[in-house]
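Below you'll find only one chain, the form predicted on its own, shown as C-alpha cells.
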Amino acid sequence: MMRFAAKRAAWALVVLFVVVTGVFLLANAVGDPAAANLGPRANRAQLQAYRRAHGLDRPLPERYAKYVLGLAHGDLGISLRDEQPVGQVLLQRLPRTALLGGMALAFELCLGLGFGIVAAMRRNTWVDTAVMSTAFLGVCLPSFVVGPFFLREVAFRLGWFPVGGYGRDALDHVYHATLPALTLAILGSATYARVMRSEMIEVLRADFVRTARAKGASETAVVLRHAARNALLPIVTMLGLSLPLLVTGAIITESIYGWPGVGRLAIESIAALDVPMILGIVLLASMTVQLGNFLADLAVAALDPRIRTGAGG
C-alpha cells in the first residue's frame, strides 16, 4: 500500500509542475498587468515604474526561475492588485470556500444517495420516473442558471435566506452559505442519484441479497446494511472527483452570491491580470484535484486489493 501511495504522490507532483508551468506562460502572454492595474489614464512613465517595481520588466525565463525557486521555499509571491502575500490572502479566503464546498458535498451525498436508493427500491414506478427526471434536469442546469433563480425566488421573493454576503459569526456563516451550497450541489446530487440507482439495482439482484432476505432480514436491513454498502464503491471514486468540481463551480457560485471566497477572488484576479494570485489559485485548485484523485485511488485500493497489486486486469 505504501508503494502504491508513493507512486501516486510522485505522479501528482509531476502533474502540478506541468500545470504551473503552462499557466505561468499563458498568464504572462495574455496582457499587461501594469495597464490592467493602473488603468487607461496611466502614462508611459507610470507603466514602466510599475513593471520595474514588480519585476515585470525582467525576461520571462528569469521570472519563471524566480517563481519556481520561490515555490520551492513556500513563497507564492506578492499580489499585484493589493500588494499582499498571495499565500496570506489565500489562507484568508480558503476557509470560506471550504465551508461552502463542505456544505455542498454534504447536500450532494444526502440528496443524491437518498434519492438514488429510493428510485432503485421503486424501480419502474412513478417515483422512479420522477426522481430520475429531476436528476436529469439537475444535470442539465448549470449553476449560473440555478443561482440567479434561487436568488430571485428563494432569497428575494420568499425571503428564506440572505440575498448575499458572508455573515458575522459561525452560525450566520452557515446560514448565508446554505443557498449557495444548494446551488453548488445541484449537479453533484443529480449525478450521485443516477449512479446510486444504477448500482443499487445491480446489487439488489446479487445472491447475497437474496440470501439475506431468505434468512429473514428486514427490508431496511437488506437495503442499508447489505445492498447500499456494496453499492458505494463507485461513489467513493466520485467523491474524490467531486473536490475539483466544487472548487471550479465555486468560481461562478461565489460571484453570484457575493461570497468572499477563493472563487470570487479568482474572478477579481483575472480581471486585474494579477499573475501571482492567478498562479496561486491555479496551484491550489490543481492540488485539490490531485488530492481528490489521490484519496479516491487510496480508498478504492483499500476496498479492492486487486487494484493496488495490479491483479484482475
Partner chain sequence: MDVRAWRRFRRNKGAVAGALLVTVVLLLAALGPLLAPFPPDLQFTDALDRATGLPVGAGGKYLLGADQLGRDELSRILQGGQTSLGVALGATVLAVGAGLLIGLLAGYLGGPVDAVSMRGIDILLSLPFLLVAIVVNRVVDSPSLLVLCGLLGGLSWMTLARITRAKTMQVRELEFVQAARAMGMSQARIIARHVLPNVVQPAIILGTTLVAQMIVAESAMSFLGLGVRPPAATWGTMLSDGATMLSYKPMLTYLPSAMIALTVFGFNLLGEGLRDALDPKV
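All values derive from a computational prediction rather than experimental measurement. Positions refer to the first chain, counted from 1.
FYI, the form predicted together with the partner chain isn't displayed, but the following is about it.
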Please run the contact check for Ala271 against the partner chain in the model of the complex: heavy atoms, 4.5 angstroms, yes or no? yes
With a 4.5 Å heavy atom cut-off, would you call Gly114 a contact of the partner chain in the model of the complex? no
With a cut-off of 4.5 Å between heavy atoms, is Gly102 one of the residues that contacts the partner chain in the model of the complex? no
So in the model of the complex, is the partner chain close enough to Leu60 to count as touching (4.5 Å, heavy atoms)? no
Full three-residue contact with the partner chain in the model of the complex, heavy atom 4.5 Å, for Ala72, Leu76 and Thr237: no
Checking Met121, Ala206, Ala98, Val139 against the partner chain in the model of the complex, the residue with a non-hydrogen atom inside 4.5 angstroms turns out to be Val139
Output the sequence-ordered list of residues from 140-155 with at least one heavy atom within 4.5 Å of the partner chain in the model of the complex. Cys140, Leu141, Pro142, Phe144, Val145, Pro148, Phe149, Arg152, Glu153
